[in-house]
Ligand SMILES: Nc1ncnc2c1ncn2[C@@H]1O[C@H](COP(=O)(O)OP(=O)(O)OP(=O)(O)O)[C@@H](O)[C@H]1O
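Heads up, the chain below is alone and in the form predicted on its own; it's given as structure tokens.
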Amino acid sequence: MKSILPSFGKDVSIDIGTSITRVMGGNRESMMSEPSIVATDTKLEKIVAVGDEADRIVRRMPDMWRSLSLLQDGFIVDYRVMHTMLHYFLNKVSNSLRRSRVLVSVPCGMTDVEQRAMMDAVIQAGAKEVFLIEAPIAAAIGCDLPIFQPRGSMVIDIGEGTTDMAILSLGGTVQSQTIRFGGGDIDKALMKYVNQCFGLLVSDQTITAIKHSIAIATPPLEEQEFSFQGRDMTNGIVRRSVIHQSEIYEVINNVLQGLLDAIKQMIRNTEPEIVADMMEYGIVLTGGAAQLQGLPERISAELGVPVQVAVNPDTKVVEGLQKAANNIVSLTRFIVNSKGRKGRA
């Protein structure tokens, strides 16, 4: 497959998300972003497309094709899909992959078996070397947090399927954790609410539109509403309805509690000196789901700690991986695992 981004250098970074995979080389202008899915023929069970093309095929002909995802709750569930996707993405962005060093973000607590499978897949795709870095570490590097200074820094990367959290200080990881919470949980809760309270069947795109338009994590100061249409679950007729922001807040309020509890527990298990640093310097949110309106304010109110969302939060992990590639020696202690083409780990 011919590279579409010949400007990619020898170092390639890949952030495999539950919904989106981002690949970067050289600089932010040479980043590729496509859905993390493959399309298969429903009869032959044969993979026919990956990424954007797979997404188009499944949306247009869902009866003939179905989508398969690499990850569920942030962890590998289909190794065949993993091999296919990695080979597709890595070869699409590099004409000289055999000379490339590839950095991959992984969730905290990934098993040795999963790590080896991931590295083997990258090497089989043709890479010279592969390095694994935990997602929140990469996010912290992407945010230029002072991780080598004698002060505590906390980053929370909220993706579609999982949330990765880490507290860093003096060039080391104080704590890191992956929890099964993400933007997809909000989508599922909203879908369930629309089904049960409105009696309507709606598309995933409608739920996404509702979330992006008026979803909020704090009590709304002024009521807003969103008009949408769906198919009546009793008679099949298409009808239009209106959902209010206060309703969405109540739905999201219940879903967020697991995230808030996990953050509180991590802070409780942290040394008081590090917590004092966080009280002063705050927590940084990254990941696509971090853009939920009112989320930093909600977390801050619960914890009594300043919270801010990074600029371009959805790309901070892959940006951090690329920065790490340029300083791999100084970041050795953050490398979870590594492997060269000759099989040395």
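For clarity, every value in this text was computed on a predicted model and none was experimentally measured. Note that residue numbering begins at 1 and tracks the sequence as displayed.
The same protein has a further form, the form predicted together with the ligand, not shown here; the description that follows concerns it.
The unique member of Val318, Val38, Ala289, Leu285 whose heavy atoms fall within 4.5 Å of the ligand in the predicted complex: Here the answer is residue option Ala289.
Exactly one of Ile248, Ile158, Val106, Val155 has a non-hydrogen atom within 4.5 Å of the ligand in the predicted complex; which residue is it? Result of the distance check: Ile158.
Which is the contacting stretch out of 274-282, 303-311, 49-57, 289-297, given heavy atoms within 4.5 Å of the ligand in the predicted complex? It is 289-297 that comes within 4.5 Å of the partner.
Is the gap between Ile328 and the ligand in the predicted complex 4.5 Å or less for some heavy atom pair? Contact with the ligand, no.
Please check if Ile20 has a heavy atom lying within 4.5 Å of any heavy atom of the ligand in the predicted complex. Yes, Ile20 sits close enough to the ligand in the predicted complex that at least one of its heavy atoms falls within 4.5 Å.
In the predicted complex, is there a heavy atom of the ligand that lies within 4.5 Å of any heavy atom of His212, even though the partner is absent here? Yes.
For the heavy atom contacts within 4.5 Å of the ligand in the predicted complex, list the residues of 161-198 involved, in sequence order. Heavy-atom contacts to the ligand in the predicted complex: Gly161, Thr162, Gly183, Gly184.
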